[in-house]
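Okay, so here's just one chain, in structure tokens, the form predicted on its own.
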């Protein structure tokens, strides 16, 4: 008996040690797996932070614009105007020659044609029109001296922001133009102000005058069309498939295709919109209405899938209780199931709208890549959207458009973050736990 106990003890110790070794190995593998996850999260956060840093470092300068404060005498003889001149007479006056003559008087050192061109290039090319609009707004300034904050040209703006006082050669300015800007800076006539033009103007071929107002308005109108079209159709489809549709091969075929459409590349929807809405129905290109129709086709699967999931999450007891009280199937769905599923439907809709806001490819297919200067007033006016505006500016050679592109990306990301945060807040605020 003693011999049996002695022989069993080493076997028990060996089994325990093997079990402890396997357990230790398993715990080590779990810790390694946890560290892999932590490193993956850290790497993802680092990439996002690097992306944000790159965008912000390139785009923050676009929120400020260089202005040159210069005293200008609105000489009535040079303009051929008086304080009593009509608006038609003011518009007919040659403000271009007046502006150039004023600059030559202030900088008589500009003698050659090249030097004069560089002198004029210090300021935006639309400065004569801005002076004309000032006189139209207040004709009484004719014959007086006014200190005017004149918008600097994009090359001047880049030079002042990044190369003033250094030997850097990052702008296209000539030596004479640099000397003028340095002189203006030494005399305290240059200042940087908040760039309200960036938010109040539409697109322009002059970077210092380009803004995102038209693109934001176009995006808003396009999203309104998308929301008004996609939300009721998607909700009605989800309700029918979940509550009323019989289970057969036809409904199975529809469900499979809805799931497949959610994975279709967005450019395919653009080609579909080009073929159907523009070529077949003859609708105009580059209008928010067509853009909204195309984005509706793209967002419908997303909203339908999220709406069906919300309807499924409503407990069967709610339906049984309503029908037990004598409610019909339609009354049960409308008065009980739909209100309880609405928070999830709204969340899916906001996520779908955020996806539509960032789309570029389908809108390029229907012509919303056009150069649009005017702010659209309705869904039938020519327009562009913010992602397409970013695409257009990114292809421009001027350095100032690099800042504009990054700044527009910052604005777009802000809208996307707000929309996704709103979706998360709605889900947390309105969801029911059963």
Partner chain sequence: MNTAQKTNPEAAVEIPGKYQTVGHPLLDDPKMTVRSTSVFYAEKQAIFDVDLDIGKNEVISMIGPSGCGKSTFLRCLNRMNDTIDICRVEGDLRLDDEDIYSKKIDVVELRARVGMVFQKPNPFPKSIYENVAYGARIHGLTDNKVQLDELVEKSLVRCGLWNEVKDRLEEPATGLSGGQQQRLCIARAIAVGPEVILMDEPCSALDPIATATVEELIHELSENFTIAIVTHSMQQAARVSQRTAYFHLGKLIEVNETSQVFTNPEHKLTEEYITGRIG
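The structure displayed is predicted, hence computed values, not measured ones. Positions refer to the first chain, counted from 1.
The form predicted together with its partner chain exists for this protein as well; it is not shown, and the discussion that follows is about that form.
**Q** Taking heavy atoms only, is residue 335 within 4.5 angstroms of its partner chain in the predicted bound form?
**A** Result yes; residue 335 sits at the interface with its partner chain in the predicted bound form.
**Q** Please run the contact check for residue 112 against its partner chain in the predicted bound form: heavy atoms, 4.5 angstroms, yes or no?
**A** Judged by the heavy-atom cut-off of 4.5 Å, residue 112 is well away from its partner chain in the predicted bound form.
**Q** With heavy atoms only and a cut-off of 4.5 Å, decide whether residue 263 touches its partner chain in the predicted bound form.
**A** Because no heavy atom of residue 263 falls inside 4.5 Å of its partner chain in the predicted bound form, the answer is no.
**Q** Is residue 331 a contact residue for its partner chain in the predicted bound form, using a 4.5 Å heavy atom cut-off?
**A** Yes, residue 331 lies within 4.5 Å of its partner chain in the predicted bound form.
**Q** When its partner chain is placed as it is in the predicted bound form, which of 103-111, 336-344, 226-234, 192-200 ends up with heavy atoms within 4.5 Å of it?
**A** That would be stretch 336-344.
**Q** Identify which of 247, 140, 147, 186 has a heavy atom within 4.5 Å of its partner chain in the predicted bound form; exactly one of them does.
**A** Only one option qualifies, and that one is 247.
**Q** Which one of 283, 318, 271, 164 is close to its partner chain in the predicted bound form, taking close to mean a heavy atom within 4.5 Å?
**A** The option sitting close enough to the partner is 318.
**Q** For the stretch 312-328, I need every residue with any heavy atom inside 4.5 Å of its partner chain in the predicted bound form, listed N to C.
**A** The stretch 312-328, when checked against its partner chain in the predicted bound form, contributes 317, 318, 320, 321, 322, 323, 324, 325, 326, 327, 328 at the 4.5 Å heavy-atom cut-off.
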